[in-house]
Ligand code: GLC
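Just the one chain here, laid out as structure tokens, in the form predicted alone.
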């Protein structure tokens, strides 16, 4: 499967093994169950799977509190099951990207247990400690609603340890060369067992200055901080030439190009800026947020690739919006009781909830997503319009089981509902008896069929990843038209975010006889040097022709 540039226009599907498919009927998804659903993912047309943490864990943070980097939680399967899952995915031409959490571990990890028990142990310096709290480095905790700060007292060590996330997730001392070597070994381990790349969780916090023994870690401690990620890339490429690193780096826009390391660090980076603006734009029926996102994002051509997305397994983070839009979005998309708000950053709703279950609006959002330069990440269940369960705590609201059919638990498991890791959504407009894969398969008008068509359209259009891109002027604030030019062809992508009909006339410098309608329900009429695109509410149309 060697193809060094495969990631530049990939469709990446994100799933949590715990909630995807239960193969043994115990209420927990597992790798055996995920293997059973690979044909579905193959039919959807995805290029890679991003598998969220499946390692042994106390699961106080959905598995992002890792207790052992070298194992599989026995509720989800075994190392052999992971190997078979990767092999079966590879047979279908699908790559596997695993999620690695290197900023912190669980406080139940062997490294931390040994660190707290013996201050003379090499493991003590795997973490960050202080006996002088008043002088220690201070900053806000990432979860200020739940944590008072970044230092917690450990009775066994009789010291405070540093944690940017929850108190049960002590930060690793990534300035320690021994820790770095451990991390590199973890990368090699999973590549050897079939992984094709890694999503590195919390890449931004990893490089933040961290308190250590009443001092402050700075660039002199880390060297140039980006060298950590550059070495990670050297490690993975030495093992597998087309393996990739994907950054979760929710930093300020002007700093985002840093994580690509001039083309020597991360290959891919989640585009949180475009995420907030794109999803907001479709909801408020106005394209100005798209223009703003492109204005504030750095130019990363030649050094890395954005991964655009609509929703993920965390909260919908609105902090990248300008302040007025942030405040508007908090109220516009939220519920009256405020149950959808989280962490003062945004909402814990799924995409379908944000758009009141409107399949047309969900579809046009996906069309915009797939028509932007870069790669794409799909959140499991968004392709059928699954909704959140706000009765679950925090971000668990968007982590309910995949809804396969209208049988109990949505076909996720044969176990009793109370035995499932999370309950399936069984009430309201997004209940599994109303929203499921089986009901939408084969229906050409279903959301699933429309997303499948968009995945195929993107695969058929190399212009998106490799062409010259620019947005065109339009007559309506609700319409967005952009174009790509590559290797003698022009691809035009037109979208209408309005609730009613809109018409746009734009330049289209192609031979009229070569124009093909790639995807979408919008109509078009080509004239010399231009095209009229007729779009009903939430319509879209991709057109391609040979340049004159």
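Computed from a prediction, not measured in an experiment: that's the story for all the values here. Residue numbers count along the first chain shown, from 1.
Beyond what is shown, the protein has a form predicted in complex with the ligand; the following relates to that form.
In the predicted complex, residue 64 approaches the ligand with a heavy atom inside 4.5 Å. The shortest heavy atom separation between residue 258 and the ligand in the predicted complex exceeds 4.5 Å. Of the heavy atoms in residue 201, some are within 4.5 Å of the ligand in the predicted complex.
The shortest heavy atom separation between residue 476 and the ligand in the predicted complex exceeds 4.5 Å.
Contact with the ligand, judged by heavy atoms within 4.5 Å in the predicted complex, is confined among 431-439, 393-401, 153-161, 410-418 to 393-401. The candidate spot formed by 104, 165 and 248 lies fully in contact with the ligand in the predicted complex, as each residue has a heavy atom within 4.5 Å of it. This chain lacks the partner; the member of 463, 314, 389, 171 within 4.5 angstroms of the ligand in the predicted complex by a non-hydrogen atom is 314. Proximity to the ligand in the predicted complex, taken as a non-hydrogen atom within 4.5 angstroms, holds for one residue of 189, 326, 143, 288, which is 143.
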